[in-house]
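Read the single chain below, which is given as structure tokens and is the form predicted on its own.
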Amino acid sequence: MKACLMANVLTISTSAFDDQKPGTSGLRKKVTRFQEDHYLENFVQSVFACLDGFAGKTLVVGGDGRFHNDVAIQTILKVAAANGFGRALVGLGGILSTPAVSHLIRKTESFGGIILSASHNPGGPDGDFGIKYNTANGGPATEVLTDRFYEYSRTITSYKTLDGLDVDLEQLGTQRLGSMDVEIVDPVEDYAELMETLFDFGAIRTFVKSGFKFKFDAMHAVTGPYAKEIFTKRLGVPASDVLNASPKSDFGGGHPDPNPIHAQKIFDMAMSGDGPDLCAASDGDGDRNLIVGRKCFVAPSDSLAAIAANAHLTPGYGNGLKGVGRSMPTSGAVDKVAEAKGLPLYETPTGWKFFGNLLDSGDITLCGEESAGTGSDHVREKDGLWAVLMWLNILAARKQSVAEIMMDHWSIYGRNYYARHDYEEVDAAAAKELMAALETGLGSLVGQETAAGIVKTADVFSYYDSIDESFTDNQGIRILFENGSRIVYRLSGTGTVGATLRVYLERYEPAEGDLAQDTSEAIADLVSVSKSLASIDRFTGRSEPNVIT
């Protein structure tokens, strides 16, 4: 029997906010901004006002459990009901990982979904919050659509909502909110069943029982319940080896970013002489991953390349890949695999939405970004647990260590020594001035001899999508050297304070070269040149990056 929450539709007068322009992963601000009167309602109404044909249709809603997640869901449900949605699917307790939302939209043929997350950003009352809209294909809204949201938000004068009671998010089943059904669903079950169709759970279970040691850190984020169900219940990993598995609104006071800095405990475990065979982690909303073998950190770009080379060993990809895609800043390691296997390779701007058309059209099966995001055509988001399961399946099939697999890979394809240097929370105006000055001087760089080599080309990356014929410009500055090295500069859109300047550094070493260098030593000349070419110290006041990954 449905619980019925009687409610009246209200039209509330409001004033526009000037800062509701979504970035590459939606609208992200401090929690305190989202707590301001009308702020969230304005944005949600702006989204719905730019959509057509959703009357009576289904909306999926969920988030990573960070502070304000439950309150925001109640607001969204009331605005959705007042605007005419007929049904909402919500994860139990308001919990749904980002890839799980994508899968649920696709499986139930929903109209779209709203994801509440600021991904790897800190949580808590003083932390960050975020919201983004995903379309019927399960992927993030395109820039064309998010631009419409922003333009509407600048002139909005009213929004619709209900005056009814809140929905009980802790009770499975269907409740009636005004004229909309709200179904609270198990957030894990559908996703776990999908993973069983892609990977050989039997082989992984046997491998785990054989003595393979594995630890996973959920970082007190959304993947805790998923990890307990999949790794422990279905694959036999001891419960004690799934760490920090209870989602917390402040992520246990940590920073839910699965990199060697913020996931240092599990990284150090793997780097010890008697550490686990594989350590892994995922981020706040479950779409990023960390892969570390015993004394072998697998950089995200290398992980994408290794998966491309070995995906055929898994049931879901046994027939091979149709093509692969990577974001422009991601290293060219996967390019070498694609070339060797005769696969099409697509280079896109940063942001998973740019892979959407390629996945929908069947041009690619696999895609990834250097920022620890990897995924395939099973959903339209990057997927942290999927990447970990892919590695577990590959290890079970090859029966080699992570280090052995990577050395074998480099001996075939060569090695792309690669790092990303993040200068976080720099003055936004200064960061834009740096990029403008660098762009102005691009023409004079060609032919210049530097400590990292002779500059071959220098440009601003732009992307033409041949499928929807859209054009995206100003996606980062590329400096390419004659020896195959490159430096990329880009301002990130995932932070909430100031600007983050990201500098990507890459040097290719052929298969017959030195494949065992320390990355920092291999790219030392590129680091020095990157600072001097962009005058980073002068513009930002920073002599060193905050984070190196």
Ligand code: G1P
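One rule holds for the numbers: they count along the sequence shown, beginning at 1. Note that this is a predicted model, so its numbers are computed, not measured.
One more form of this protein, predicted in complex with the named molecule, exists but is not displayed; see below.
Only one segment in the set 169 to 177, 351 to 359, 233 to 241, 318 to 326 has residues whose heavy atoms sit within 4.5 Å of the named molecule in the predicted complex; it is 351 to 359. Contact with the named molecule in the predicted complex holds for none of H68, H220 and H255, as no heavy atom of theirs lies within 4.5 Å.
Comment: the named molecule is not present in this chain, but in the predicted complex one of N393, S303, N416, S371 has a heavy atom within 4.5 Å of it, namely S371.
Among the residues H378, K215, R420, K336, the one placing a heavy atom within 4.5 Å of the named molecule in the predicted complex is R420.
In the predicted complex, none of the heavy atoms of Q35 sits within 4.5 Å of a heavy atom of the named molecule.
Taking the partner from the other structure, the named molecule in the predicted complex has no heavy atom within 4.5 Å of any heavy atom of K78. With a 4.5 Å cutoff on heavy atoms, S102 does not count as touching the named molecule in the predicted complex; it lies far away.
Within this chain, T519 is remote from the site of the named molecule in the predicted complex, having no heavy atom within 4.5 Å. Looking at 112 to 134, the residues that come within 4.5 Å of the named molecule in the predicted complex, counting any heavy atom, are S119, H120.
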